[in-house]
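As a starting point, one isolated chain is supplied in structure tokens, in the form predicted on its own.
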Amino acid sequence: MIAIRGATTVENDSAQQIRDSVKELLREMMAQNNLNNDNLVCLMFTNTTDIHSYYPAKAAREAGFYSCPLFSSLEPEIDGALKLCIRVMALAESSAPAKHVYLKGAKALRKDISQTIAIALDGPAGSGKSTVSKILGQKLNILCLDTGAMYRACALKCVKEGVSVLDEDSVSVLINDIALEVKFIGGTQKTYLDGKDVSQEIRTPEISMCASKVSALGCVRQKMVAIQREIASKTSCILDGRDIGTNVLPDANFKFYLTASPEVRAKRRMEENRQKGFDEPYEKILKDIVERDNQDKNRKIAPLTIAKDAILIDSSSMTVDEVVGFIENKIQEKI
């Protein structure tokens, strides 16, 4: 079962305004969440005290929502609160994440979902950026774009074609015609190279090291950044990487820099590799982590740095849930 929140406003306290607004709000909530009346368990309305000419619950009945219980009540009067506002909580049978809907003047109540926002999450290898980004994307109902996967796909293309990731001229020719697609299937990003799903293939340690080198090339970054900016301009999203807040999306609404000690990151990466079937000793992983850090921090183009307006998070002694909760709170404070 999921709980879907919604709200809208009316221009004036008239029965017709209330009927029309409630109908529009409920239909939009049903469409956004791919529901029908049989999925509804109940609808619970509240409205501000300046609305009294018609019950929102009665308006819902008239709009065809009569297959579940409906409740309606008045909100307490609060100075400075939004006027002429109708809110609803819909409980429904569904396994999909709830998509909340805020219309008209009520959009001001939830700017995080009623306006296009961009969240930049930077940090070194193994800091947990991808995991945190995926969870945040689900919680905030926004797109989670794994930028690292795009560079990994470029690295894989070089390896398959036998092109050295240090030979920028050859890489430039190869990348210029690369057939790279990012698809979102079932809420998960899939990376396609030359029409093939390479989402798992790009996660090997070999490709990880090559990705760090190939992403330092200007020709590669220019092409990938252009794609990423285009995506971020059209939809709310969270991007994680090395230079999202400093280079890719310098005007992002929210910027965070997630890090942890090399030792902690090496242990996390070792466990992650084991779950994927890669068994490497801790010492080698730690060495690779330190080497990767040096590569990322010292490359000439868009090195790994902390944006001046980014919030630093050291997750060495934090759980994933604690990191996610911290970021959520910071976002809510601003909106």
Ligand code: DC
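It should be emphasised that the depicted structure is a prediction, and the values quoted were computed from it without experimental measurement. Note that residue numbering follows the sequence shown and begins at 1.
Another form, the form predicted together with the ligand, is not on view; read the next lines as being about it.
Contact annotation for A118: none of its heavy atoms lies within 4.5 Å of the ligand in the model of the complex.
Interface residue remark: V88 is not counted as part of the site for the ligand in the model of the complex, having no heavy atom within 4.5 Å. None of the heavy atoms of S133 is located within 4.5 Å of the ligand in the model of the complex. A residue is said to contact a partner when one of its heavy atoms sits within 4.5 Å of a partner heavy atom; P262 fails this definition for the ligand in the model of the complex, lying far away.
Only one of 78-86, 212-220, 92-100, 249-257 places residue heavy atoms within 4.5 angstroms of the ligand in the model of the complex, namely 212-220. Proximity of S21, K58 and K104 to the ligand in the model of the complex is absent: no residue of the three has a non-hydrogen atom within 4.5 angstroms. Along 233-262, a non-hydrogen atom within 4.5 Å of the ligand in the model of the complex is carried by G241, R242, D243, I244, in order along the sequence.
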